[in-house]
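In the form predicted on its own, a lone chain appears below as structure tokens.
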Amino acid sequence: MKSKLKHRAKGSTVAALDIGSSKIACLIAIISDDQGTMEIVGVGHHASSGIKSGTITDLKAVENVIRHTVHTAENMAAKTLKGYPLRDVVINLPPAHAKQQIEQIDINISGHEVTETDMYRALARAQQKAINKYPGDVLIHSIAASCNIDGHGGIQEPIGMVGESLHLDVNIITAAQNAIKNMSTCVERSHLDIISFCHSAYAAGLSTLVEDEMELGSTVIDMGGGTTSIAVFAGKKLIYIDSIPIGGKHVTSDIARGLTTSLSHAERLKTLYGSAMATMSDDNEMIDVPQIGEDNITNHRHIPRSLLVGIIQPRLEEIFEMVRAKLNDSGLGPLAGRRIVLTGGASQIPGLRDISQNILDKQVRLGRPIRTNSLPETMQGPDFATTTGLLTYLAERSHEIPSNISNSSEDLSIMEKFKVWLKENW
């Protein structure tokens, strides 16, 4: 369904705040034309603190990093902001806190054309059913995943079509209220207003998938620091999400424990010498490993690179085996397609594409942001897919924001409400 909500006015600013276990990033963009095209004018990112596997463990630490990150982006965008502080932001929802349910809704259209009002009414009804089932949860997304009219399925754009009954399968994504409150507290203490949340893997898919991948069926695997999340697209819609509580930081911890080195040195070793698959030359290539508490370079251990790869590979195999199990259990089958797109900071380990292809038995590519103009070179990699995707979500999918749906379904004139009553009762 296309949004009936108007684009933000030309010259207005929008911003995305990506709060992750490894980093916190902020993008500020300006609407450059009447079609809603965005131009990046401010960028900030900083190593995360106070977050573990997407869960906030130290409110003050997270707040401090958010302030520092947003301040950096504001300084870069000072000319555009004209001295005013940033206010409205769209925030990522950590996958660990997301829940998905499918609500089936039937609307009587009695031989009339399907209107935007009908669609928003159906989505609002699905939202209400979800709230009744899980009163303690917060609505995040309401997506018309599939549609049929009079039993005829595969309809992507029902508005304007004629029939007797409209059936929607609505993909409702919610999150635990306490997790949302904790994130909101950190953001609002930084004098920012949250206009929407967006699931991290969904945002990554919106940023990296080409149109054919969204249409024919593809799976995005977003490998973050604390979690690896899954988003399946088909028919240009999000149809499935899930996650596993393992990410790049777990690989780093394995290296630190296995080689008795610090976490910072383990991260450096992973970045410089790490690989997901062994090669013939690994036994002959020696690397220096600083030992915990040893400052003298003469006390460094010299190990073959094969030992490092031998620590990394099993953990990555475990991640993709768990992803495979999730996809198999989902029952999606052919809908999930034959295409895998890897995103996230941990997806950049050499050899990862090969190992994932072997385990998942699908075609795999590395996903990079493709839908945001004027991105600095440092943010054009897969580690910033979610950050850029948040802006894409705001620009192209605002009709899936639950508050927009509620407002659109409630703001009917008396005449429109009377027409709805006639459709349903005559």
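Predicted model, so just to flag it, every value in this text is computed and none were measured. Position 1 is the first residue in the sequence shown; the rest follow in order.
A second form of this protein, the form predicted in complex with a small molecule, is not displayed here; the remarks below concern that form.
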| query | finding |
| --- | --- |
| Exercise: Gln100 in contact with the small molecule in the predicted complex, heavy atom 4.5 Å | no |
| is_contact(Ser22, the small molecule) in the predicted complex, heavy atom dist at most 4.5 Å | yes |
| Non-hydrogen atom contact Glu400 with the small molecule in the predicted complex at 4.5 angstroms | no |
| 4.5 Å heavy atom contact, Asn171 and the small molecule in the predicted complex | no |
| One residue of Gln348, Ser146, Thr117, Ser196 in contact with the small molecule, assessed in the predicted complex (non-hydrogen atom, 4.5 angstroms) | Gln348 |
| The small molecule: the contacting residue among Ile140, Met223, Leu206, Ala126 in the predicted complex [heavy atom, 4.5 Å] | Met223 |
| Three-residue site Thr227, Gly248 and Glu267 fully in contact with the small molecule in the predicted complex at 4.5 Å by heavy atom | yes |
| Stretch in contact in the predicted complex with the small molecule, which is absent here, among 254 to 262, 270 to 278, 326 to 334, 234 to 242 (heavy atoms within 4.5 Å) | 270 to 278 |
